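Next up: a single chain in structure tokens, the form predicted on its own.
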Amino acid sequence: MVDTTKNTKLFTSYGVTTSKAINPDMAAKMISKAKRPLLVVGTGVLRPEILDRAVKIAKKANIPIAATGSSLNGFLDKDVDAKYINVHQLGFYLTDPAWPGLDGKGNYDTIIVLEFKKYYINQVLSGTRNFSKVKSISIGKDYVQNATMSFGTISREEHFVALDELIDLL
């Protein structure tokens, strides 16, 4: 099993709270327990090896996808429930408990973020962390301090292994 809890303080500013470093098994448990999970992907997901894994996660866990940036194009022919939304707007909407969600069935209780620039998603998650009850799990290759839980900073090869382990455990 790849250790995804390492290197959590590199290039991170220290604050009162930071995310808990987790391994794929804990991420899989949290995703499985979520009542209304949402997979939120950035444009980095368009790399074929990541796109394939994101589709497997969505299908295996039956999770809808919030495709941000230009990532929606990667999901058009993949038989998954993917909808476009701006990630900053999504962060704003998640703080509203009355938001109907992308499907009209209510707000989400857990978001899983994948393939964003660290500095970019960290700002969005700062709002959700401080102004909502939504849990966030970062399964990207960089530690994201404002997520509720996050993989540590790992190499791309370790990231592939971690995502494969996550998929197997879902």
Partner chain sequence: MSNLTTGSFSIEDLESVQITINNIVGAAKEAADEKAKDLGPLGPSTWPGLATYRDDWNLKLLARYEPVITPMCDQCCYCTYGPCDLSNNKRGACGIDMLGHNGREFFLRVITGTACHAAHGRHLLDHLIEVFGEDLPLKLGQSDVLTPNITITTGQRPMTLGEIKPAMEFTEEQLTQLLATVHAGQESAEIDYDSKALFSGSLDHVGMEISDIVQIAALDFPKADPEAPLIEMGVGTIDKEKPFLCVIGHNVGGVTYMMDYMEEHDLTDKMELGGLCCTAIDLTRYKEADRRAPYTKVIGSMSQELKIIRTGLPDVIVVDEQCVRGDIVPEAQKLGIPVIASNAKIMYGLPSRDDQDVDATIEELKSGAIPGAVILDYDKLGEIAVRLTQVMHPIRQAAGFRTIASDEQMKEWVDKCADCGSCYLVCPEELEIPEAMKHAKEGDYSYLVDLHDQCIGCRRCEQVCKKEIPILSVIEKASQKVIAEEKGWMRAGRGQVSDAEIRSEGLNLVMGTTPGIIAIIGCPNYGDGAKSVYYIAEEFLKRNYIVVGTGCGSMDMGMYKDENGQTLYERFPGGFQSGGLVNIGSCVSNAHITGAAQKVAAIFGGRTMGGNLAEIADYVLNRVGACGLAWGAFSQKAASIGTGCNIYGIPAVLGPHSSKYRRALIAKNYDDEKWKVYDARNGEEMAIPPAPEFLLITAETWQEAIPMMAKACIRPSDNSMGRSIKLTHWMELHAKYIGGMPDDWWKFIRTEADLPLAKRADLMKKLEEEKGWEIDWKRKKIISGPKIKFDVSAQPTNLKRLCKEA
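Computed from a prediction, not measured in an experiment: that's the story for all the values here. Residue numbers count along the first chain shown, from 1.
What comes next is about the form predicted together with the partner chain, which is not displayed.
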query	finding
R36, K59, K117, K33 - the one with a heavy atom within 4.5 Å of the partner chain in the model of the complex	K117
Touches the partner chain in the model of the complex: T43 (any heavy atom, 4.5 Å)	yes
is_contact(I111, the partner chain) in the model of the complex, heavy atom dist at most 4.5 Å	no
Contact flag, V124 vs the partner chain in the model of the complex, heavy atom cut 4.5 Å	yes
Proximity of R129 to the partner chain in the model of the complex, heavy atoms at 4.5 Å	yes
Stretch 48-80 - residues with a heavy atom within 4.5 Å of the partner chain in the model of the complex	T68, G69, S70, L72, N73, L76
